[in-house]
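The form predicted alone is given below as one chain in structure tokens.
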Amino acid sequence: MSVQKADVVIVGGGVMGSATAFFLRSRGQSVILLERDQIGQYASGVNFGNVRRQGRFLGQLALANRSWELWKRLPELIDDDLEFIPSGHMRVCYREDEIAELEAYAAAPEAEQLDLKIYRGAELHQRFGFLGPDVKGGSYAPHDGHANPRLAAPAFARAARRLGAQIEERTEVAEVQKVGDDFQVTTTDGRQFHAAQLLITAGAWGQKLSAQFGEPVPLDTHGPQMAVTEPVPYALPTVIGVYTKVPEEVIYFRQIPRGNIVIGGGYRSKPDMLNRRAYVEPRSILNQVSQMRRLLPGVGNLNIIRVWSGIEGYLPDSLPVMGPSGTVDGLFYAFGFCGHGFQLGPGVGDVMAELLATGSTSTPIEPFSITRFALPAEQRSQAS
């Protein structure tokens, strides 16, 4: 049986795992990354591409800010262009009381670095004249933007490989266990990988592995709904999304310099986790067209040329699992980013590499600990 060893084995080759592999190699750690299919195939490569900080849980902004600093340096850092454009990001709303909520968020001390500006009424429509008349207000983040998700994870994986990381695609994990001081990862083709530390970045499949170590989490899976229009003259550099509590009104769009408008939001589909397939929900695409006409009346006659979905992991509190295991030394997690992990990817990789290499991190991640899902002792004994 083939046995290979490293300081760290990473299970999952999305942007979180690939970025962590890169930053670990930058710190001199040996790394083996195992990906069942292709790097960036699932949530990391099919999301909307938002590189936004505004609107996040306030306790996540320190992590988002660390990631934003990396986004600005990525071409020199990984020698690749992810088509990041700091175009500005606008959250708009249809109701006056929602403007007050946007103002409260902008006033929070944690949001100071975002330099948010609130627009309403005539000033809003003078600044963003293409918005529909139903839009009452908005919050503008001048430094946020967007990038191409299809490029991100593969670019980090290539950069990690250039630094000496071992990247194994089409390598499915059959069993993970701790044997003595080492983790032993056995694949379906009979190979074994050993390491003193194990990082699980398996996205929507992360809970299957965490459960093997006695740390199940209530993770649910959804398929985001994306569409893209035919190209038209480039006129909408700002990313725009609707802030609302009405599910049908959730819509967001960005125009890329080639002219196509990428659209997301609406009703999510239920992925087939056994066959690893995601499905487009027709009613969601129809709803996107309707909502886009309300938000951006000028797009009413554009043709949709492609639609797609993916497989994302969601947790009840809309926060990820990130940090050390609560029960097993040397085991770490970074999964379940609830559909808004793309912007965080570089920062998560940097933080997890720091944590794995040094035992601590300068960026607070305590709210994301897997221990928040731990059962009380008496319930654990009843469950077993």
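Don't overthink the numbering: it's just position in the shown sequence, from 1. Every value quoted in this text rests on a predicted model; they were computed, and no experiment measured them.
Beyond what is shown, the protein has a form predicted in complex with a small molecule; the following relates to that form.
> Is the small molecule in the model of the complex near all of 20, 54 and 64, within 4.5 Å of a heavy atom of each?
Heavy-atom distance to the small molecule in the model of the complex: none of the three under 4.5 Å.
> Have a look at 331, 34, 355, 319 for me and say which one sits with a heavy atom within 4.5 Å of the small molecule in the model of the complex.
In short, 34.
> Which residue among 205, 267, 213, 243 has a heavy atom within 4.5 angstroms of the small molecule in the model of the complex?
Exactly one listed residue reaches within 4.5 Å, namely 205.
> Just one of 102-110, 125-133, 169-177, 243-251 has residues with a heavy atom within 4.5 Å of the small molecule in the model of the complex, so point it out.
Contact-bearing stretch, as computed: 169-177.
> So in the model of the complex, does residue 312 come within 4.5 Å of the small molecule, heavy atom to heavy atom?
Yes, contact at 4.5 Å.
> Is residue 325 close enough to the small molecule in the model of the complex to count, meaning some heavy atom within 4.5 Å?
Result no; residue 325 lies far from the small molecule in the model of the complex.
> Does any part of residue 296 reach within 4.5 Å of the small molecule in the model of the complex? Heavy atoms only, please.
The answer is no: residue 296 has no heavy atom within 4.5 Å of the small molecule.
> Taking the small molecule as it sits in the model of the complex, is residue 9 near enough to touch it, meaning that at least one heavy atom pair lies within 4.5 angstroms?
Residue 9: no contact with the small molecule in the model of the complex.
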